[in-house]
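Just one chain is shown here, as C-alpha cells, and it is the form predicted on its own.
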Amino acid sequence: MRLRTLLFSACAAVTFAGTAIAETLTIATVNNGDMIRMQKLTDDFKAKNPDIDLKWVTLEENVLRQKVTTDIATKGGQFDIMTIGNYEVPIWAKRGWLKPLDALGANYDEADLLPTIHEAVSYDGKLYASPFYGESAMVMYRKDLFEKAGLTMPAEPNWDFIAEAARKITDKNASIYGICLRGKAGWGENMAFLTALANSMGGRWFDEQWKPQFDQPEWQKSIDYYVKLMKDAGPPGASANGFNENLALFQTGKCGIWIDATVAASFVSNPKDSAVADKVGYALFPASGTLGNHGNWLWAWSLAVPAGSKKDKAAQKFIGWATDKAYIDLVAGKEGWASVPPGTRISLYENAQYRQAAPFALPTLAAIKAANTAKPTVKPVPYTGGQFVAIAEFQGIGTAVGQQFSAALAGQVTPEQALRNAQQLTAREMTKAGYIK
C-alpha cells in the first residue's frame, strides 16, 4: 500500500511537472488551402516538440485582417503567432508591434529566401516575419476551351485579348463563364486585383502630392472594363466572390479564365481537388496597349510574433518548423512536389523534381521576379506597393474604396458614381491624416 502511494505520488509529480512546462501557442491564420494543409501536418511538429500545444484560429481573409489588426493595435495579447503579409510587416515592425525573428533554428537557412520576398518581410535589415508562401499574380486558363474556340493564349496577353477570349468561350447555358475575377470588397480582395488592373492600365492611387486619382481617365477605363466584362462573361453573384470562391468555381470547371494569385496554380492543377487539372495553362498578368506594365503584385503570407506575446521562444520554434526547407520536404513526401508552398525559397526552383511536377513553377517565379513594388505603375508615385499602398491608412481606405467598386459590380451604383465616391472618401481620409490640405 505504501509502495503504491509512493508510485502514485511520483507519477502525479511528473504529470504536474509536464503540465507546468507545457505551452499553448494560439495561432491566427487564413483559411487558404496551404494553411489548412499545414494544420493537418502539425503532428510532425508535436512529435518533435511535445511540450508545445497549438490552438488554431482560422479565419476568412477579411476577418483575419480585422482581428489581428485590432488585437495588435490594442495590445490585446490574444495571439502568439499571426499570419500577416508584406503590407503589414514593415508598418508594424516600425511601430514596435512585432518581435524580430532571430531564433528560427539552425536549419532555417535565411540566405535561401528569394531576395524580393526576403526584403518584403524585413524591416531595417531584420526579418520580422517568415514567409510561408509567396506569390504574384498571373492568368490561369482552360486550354480545352481555348482550343474549342480556336484561340491561342499569348505568353504575354493584353487586356483586349482577354476580353475577346472571355466573351467567346462563355457558355452560360452550360454554366461556363469566360472569366472569374475578385468582386468581394476588401483591400486584399477586390482591391488587390483592381489596383493591379489599374496599374497595368496606367492608373495610380495618388499623384506625387498624395492627391487621389480616381477622377482620372485611367481609373475610369479600368472600372468600365472590369464591370462590362464581368457582366458579359462573369459568373452570377460575382460581387461576393473572393479568392476561395473563384478557386472553387475554376476547380469545378465553371471558369474559362481566372486571373489571380500564382499560389492558386497548385490547387487548380491538383487532380485530387480539380476537375480540370490536366487542362490548365498559364500566362503573365495582362498588360495594356504599349504601356508594357504587367501589374504583377507581390504578396507573402507570413508568420510573425506580436511584441506582446510571452511565448516568443516557442513561437519562433514553430515558425521555424513551418517555414524551413524540411517542411517543404515533408509536404512533398506526403502530398507530392506540386503541393508544396511556393514562392519563398531559391532551392525550390532549383529542384528538378519540383520543376517537373509543377508546370506552373517557372511562370510563378517569372511573375514574382517581374513584380516591382518600388515602381508599380508607369507614372511616378509617392508610395511603394504593388496591389496596395504601403501606408497605414490604406487598410481602411482600401476596403472603403473596395466597397464602392463591389457595389458597381453588383449594379447598385454606376462605375462613374463609384469612382466619384472613391475620390471623395479617399480625399477626406487623406486630408484627415495630414497628407493633403
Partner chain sequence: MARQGSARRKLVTTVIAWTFGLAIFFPILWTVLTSFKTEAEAIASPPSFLFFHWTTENYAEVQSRSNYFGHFMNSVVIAFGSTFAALAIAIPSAWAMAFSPTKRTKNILMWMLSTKMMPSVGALIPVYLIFRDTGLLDTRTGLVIVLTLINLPIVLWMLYTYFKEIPGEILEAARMDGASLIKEIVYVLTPMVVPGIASTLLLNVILAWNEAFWTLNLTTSDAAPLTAFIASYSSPEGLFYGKLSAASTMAIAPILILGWFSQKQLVRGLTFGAVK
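Residue numbers count along the first chain shown, from 1. These numbers come from a predicted model, not from an experiment.
Not pictured, yet referred to below: the form predicted together with its partner chain.
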message: Between 339, 78, 216, 170, only one gets a heavy atom within 4.5 angstroms of its partner chain in the predicted bound form; which residue is that?
response: 78
field: its partner chain: the contacting residue among 97, 159, 108, 267 in the predicted bound form [heavy atom, 4.5 Å]
entry: 267
query: Just one of 391 to 399, 376 to 384, 405 to 413, 31 to 39 has heavy atoms within 4.5 Å of its partner chain in the predicted bound form; which?
result: 31 to 39
query: Though only this chain appears here, would residue 116 touch its partner chain in the predicted bound form if you measure heavy atom gaps against 4.5 Å?
result: no
query: Using heavy atoms and a 4.5 Å limit, would one call residue 152 a contact residue for its partner chain in the predicted bound form?
result: no
query: Might residue 240 be said to contact its partner chain in the predicted bound form, defining contact as any heavy atom within 4.5 Å?
result: no
message: So, residue 52 and its partner chain: in the predicted bound form, are they within 4.5 Å at any heavy atom pair?
response: no
- prompt: Even though its partner chain is not shown here, does it sit in the predicted bound form so that 251, 254 and 272 each have a heavy atom within 4.5 Å?
  reply: yes
field: Within 4.5 Å of its partner chain in the predicted bound form: residues from 218 to 250 (heavy atom criterion)
entry: 243, 244, 245, 247, 248
